[in-house]
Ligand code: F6R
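First, one chain by itself: the form predicted on its own, in structure tokens.
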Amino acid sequence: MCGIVGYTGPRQASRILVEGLKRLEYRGYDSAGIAVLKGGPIAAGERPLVVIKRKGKIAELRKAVPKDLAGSSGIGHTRWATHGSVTDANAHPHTDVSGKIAIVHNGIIENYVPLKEMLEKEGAVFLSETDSEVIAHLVAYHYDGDLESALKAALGHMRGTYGIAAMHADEPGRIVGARNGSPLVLGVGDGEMLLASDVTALLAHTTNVVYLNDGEVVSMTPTDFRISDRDDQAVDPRIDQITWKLGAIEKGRFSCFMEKEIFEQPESIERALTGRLDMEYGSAKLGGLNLAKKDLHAIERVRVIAAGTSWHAGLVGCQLLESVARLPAQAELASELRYRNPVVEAHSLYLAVSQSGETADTLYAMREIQRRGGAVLGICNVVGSTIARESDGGIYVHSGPEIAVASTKAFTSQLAAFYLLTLSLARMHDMSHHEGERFLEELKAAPEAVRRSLQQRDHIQAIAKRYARFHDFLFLGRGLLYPIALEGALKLKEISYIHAEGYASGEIKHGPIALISPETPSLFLVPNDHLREKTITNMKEIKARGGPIIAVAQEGDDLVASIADEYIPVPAVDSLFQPFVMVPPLQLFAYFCALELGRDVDQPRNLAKSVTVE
């Protein structure tokens, strides 16, 4: 959600801010703006801060920003509306009455109403409907020549989540940032400093970054920075290196990021597996778990906490853990677990799964489990993210940057992480060395199987052209393919805006079969195991009621092809590894339906990549 960029240094700030905001477009937004401290002399009566903000896309902001706008320090923001409608006035940055203070804010200020009432009594005039504007007036209320002190004083009044960047015209070249529950990263350059909510906005300028923790405040000038807590105690910073290359966040030969990321999956799965396949012992090497072998062996049950696509990966993971490692496992929606007064059991392992590592529901659920004494491992893509840093250990999935809002390659990399963890735990219990070797051979073959599955691109595009006109879909699967059906339905909803529901195939007779008509296609995922015949029976039930059928099944399955109206063949793999080859056709189907309908595939409406608010 919302993006923050700040810059102070020798270069033209406006260009760097707009470029940085452009790189944050994938997070989802509906308006954007910048504030720049003017360069050169300030005329009498002229406001020293130039604030330009527009609803709509970055392109609208870019047109409004003069190409020769002087000024070498400033802050920028992309807004995803929470308080107030999508208007220029509600866009960030916000300023105080004097126009000398500007702020940008990610998050929610829960007590903004009483703060606003108090500030209005003190003479503040509010120009927006947002909760964020109170921050600018609150900082002005406390300002006495030191922006850092004023912001810290303001934070003492605020309840909620925030990532904040602030500047004051009387302190040229200084930007102050604060974090609580919303990510903020400092970029350390050569004679310049940057601030952002995501490293993708920094990568073109520096690979040296400092990830702020909750409760920390950074004050930066072009040549120096200081990090402290809200009690003004200095914090010793750790400078990390971004390992991503700039080309990883550019489209290259592809028309959009989602297409690029779908076709990067063979390589991203290989990265998730690299260095982790222990062929000698028929097991997996997971060095980041931070648990001794005896502690891993003592695990009696596993609980996954996640949201959205990551929850679907967790559902697959739980089935693997139960069927292969013989450990009871359950996937929980983080937003529900957090408020449920959960029972944290001894000898339970909790897994917090999040692509961004910043998902608010998952992060807060993780903290609640830890507060109750539970051990939580993170399964994350983003190095340095909050869940990665606050968890007790974990597995990086190494997908590389995922720019499209709808997750694709991170999902299959999360699956790879669950297969590795399952193998590691299974080999501690009932799985033999020989069985471990067979499992590894199948896992090693997964990237190539995914590559072959993606070769159905043109066939799937043709099917999507025929079916994009439908308004309702059912996605049906059994066993390990039931969560994949859920994920396929979610992808279609996310990017095409077509209503779709995922169900376990055996459940259609318990209600959903009432929806079947010639106008409601069913997309079946057909397993190649003991559930195949039962799934075919379900297909015949749909066929008998006039429902169109799209079937994704193992190549050479003539019976399925004869029943289905459309047949998408996928490579023949062991049934345990079918999730890998079933996912790409569903992603491509959603993608091509969205294109056929003229949707914005990378930035679908109302959605955000990193959901950092409730």
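These numbers were taken from a predicted model, which means no experiment stands behind them. Each residue number is its position in the shown sequence, starting from 1.
Not on display, but discussed next: the form predicted together with the named molecule.
_Listed residue (Gly436, Gly400, Gly71, Gly308) with a non-hydrogen atom within 4.5 angstroms of the named molecule in the predicted bound form_ = Here the answer is residue option Gly308.
*Residue (of Val199, Ile498, Cys318, Leu490) lying close to the named molecule in the predicted bound form, criterion heavy atoms within 4.5 Å*: Looking at Val199, Ile498, Cys318, Leu490 one by one, just Leu490 meets the 4.5 Å heavy-atom criterion.
*Looking at the partner-bound form in the predicted bound form, is Ala416 within 4.5 Å of the named molecule by any heavy atom?*
Judged by the heavy-atom cut-off of 4.5 Å, Ala416 is well away from the named molecule in the predicted bound form.
*According to a 4.5 angstroms non-hydrogen atom cut-off, is Glu192 in contact with the named molecule in the predicted bound form?*
Residue-level check for Glu192: no, no contact with the named molecule.
*Contact label in the predicted bound form: Ala406 to the named molecule, heavy atom within 4.5 Å*: Ala406: contacts the named molecule in the predicted bound form.
*asked:* in the predicted bound form, is there a heavy atom of the named molecule that lies within 4.5 Å of any heavy atom of Ser356, even though the partner is absent here?
replied: Heavy-atom contact with the named molecule at 4.5 Å: present for Ser356.
*Of the listed stretches (181-189, 471-479, 347-355, 213-221), which one has a non-hydrogen atom within 4.5 Å of the named molecule in the predicted bound form?*
This holds for exactly one stretch, 347-355.
*asked:* Within 4.5 Å of the named molecule in the predicted bound form, counting any non-hydrogen atom, which residues from 60-90 show up?
replied: The stretch 60-90, when checked against the named molecule in the predicted bound form, contributes no residue at the 4.5 Å heavy-atom cut-off.
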